[in-house]
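Only one chain is given next, in structure tokens, and it is the form predicted on its own.
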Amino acid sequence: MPKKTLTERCQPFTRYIEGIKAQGFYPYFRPISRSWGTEVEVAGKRLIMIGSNDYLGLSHDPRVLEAASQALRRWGSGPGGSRFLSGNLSLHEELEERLAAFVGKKRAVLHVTGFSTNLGAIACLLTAQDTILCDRENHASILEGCQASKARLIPFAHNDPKAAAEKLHQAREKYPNGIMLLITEGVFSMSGDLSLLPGLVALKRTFPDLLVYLDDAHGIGVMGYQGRGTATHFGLTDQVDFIMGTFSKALASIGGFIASDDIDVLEYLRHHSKPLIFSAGLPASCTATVMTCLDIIEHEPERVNRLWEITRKVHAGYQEIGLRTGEPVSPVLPIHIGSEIKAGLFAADLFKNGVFALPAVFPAVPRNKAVIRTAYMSTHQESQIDYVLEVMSKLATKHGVLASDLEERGYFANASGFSSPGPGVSDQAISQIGK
């Protein structure tokens, strides 16, 4: 076979994307020219936003904007270097203390994104001698961290503590030495499923040396008392060894952190996480945004309560229409479509009708399990929700994506809309890890 140039290697995909764009239903990278939070402007058209992770609607709160502005004036627009060298701000360390207290741990370490937090932490803490048990629907950033660590990766069926237990028993018999780390998400970003955390941490009774790593990117600010996360929701904070979170969801900024009670491990991580050492520090404006969001969440619990009211209302509306969606255990409510093409067409029609929501397709979800990923904010108005449900009802019938339609096409042959292998951990990727 003749050797291909880089351009020749990429051209088939580029032509594929060009074809989708020509047909008028390419949904991604839409340039938002202005945002009001619950509504955005795209190409001069104002739309209701139901695809944002800004769950508490804090990205436009005047107090948040003012705090970011003050930090910008005091520290400038960027830190000027990595935290390891010249970019470590006093505000960074203050936020680390706040975050550790917020999630109930002794210490936290900031990173510049949530993705880099998982990549840096997992990669520097695990080695080829170690073993990682990983939920098949875990986020791509977790997989990247696992690959970088060179540890053995053993996937288990999504949200299945029994399957995790079986894999753990087999792994410990085969690999008696080395660290054993189990990684799960608190709220799964595509399905909206809530982790069955109690069943997973219960494995520590049989395996006391098991470490549990909780990616709570979509749980921080939303789950548990005062939005302190999924571990708090279950009352299991002391049983979770590492809690990872991001700022790009309920905390209305960008960045990430990892928290733990193990001071020695976090000190090691602070000096060995490559994304932390070799990236510029978080801008002060982003850091101050998170600090203010934490203040608001702690003093205004009604925001979280309002989010859950809206989530339950929308879920009831989806059910009344006849759509197939997940249970309202998190703010993420996917609408199951099936066909990737049909999902693209559905999203295009939503856009035409003034609703911004995007499809999630392979590899974010398994093939032919495409969804329209919807997530609402605590700041959405009743009139906006009513309008969205009206549009959804009309389009669901037009495109034949009611639950009854999906059943006729055999969509529910596997009871879970997200059958293995999940969006994060593919069999191909698994085969390449730990060799």
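Position 1 is the first residue in the sequence shown; the rest follow in order. From a predicted model like this one, the values you see are computed outputs, not experimental measurements.
The same protein also exists as the form predicted in complex with a small molecule; that form is not shown, yet it is the one meant from here on.
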Next item on the list: Could you tell me which one of Y318, F356, F242, F115 places a heavy atom within 4.5 Å of the small molecule in the model of the complex?
Entry: F115
Notebook entry, point to check: Using a 4.5 Å cut on heavy atoms, which of A259, L143, A217, V222 is close to the small molecule in the model of the complex?
Noted result: A217
Note to self: the small molecule is absent from this chain, but in the model of the complex, do H139, S248 and G255 each have a non-hydrogen atom within 4.5 Å of it?
What the structure shows: yes
Next item on the list: Please determine, with the chain shown alone, which of 323-331, 127-135, 171-179, 185-193 has non-hydrogen atoms within 4.5 Å of the small molecule in the model of the complex.
Entry: 185-193
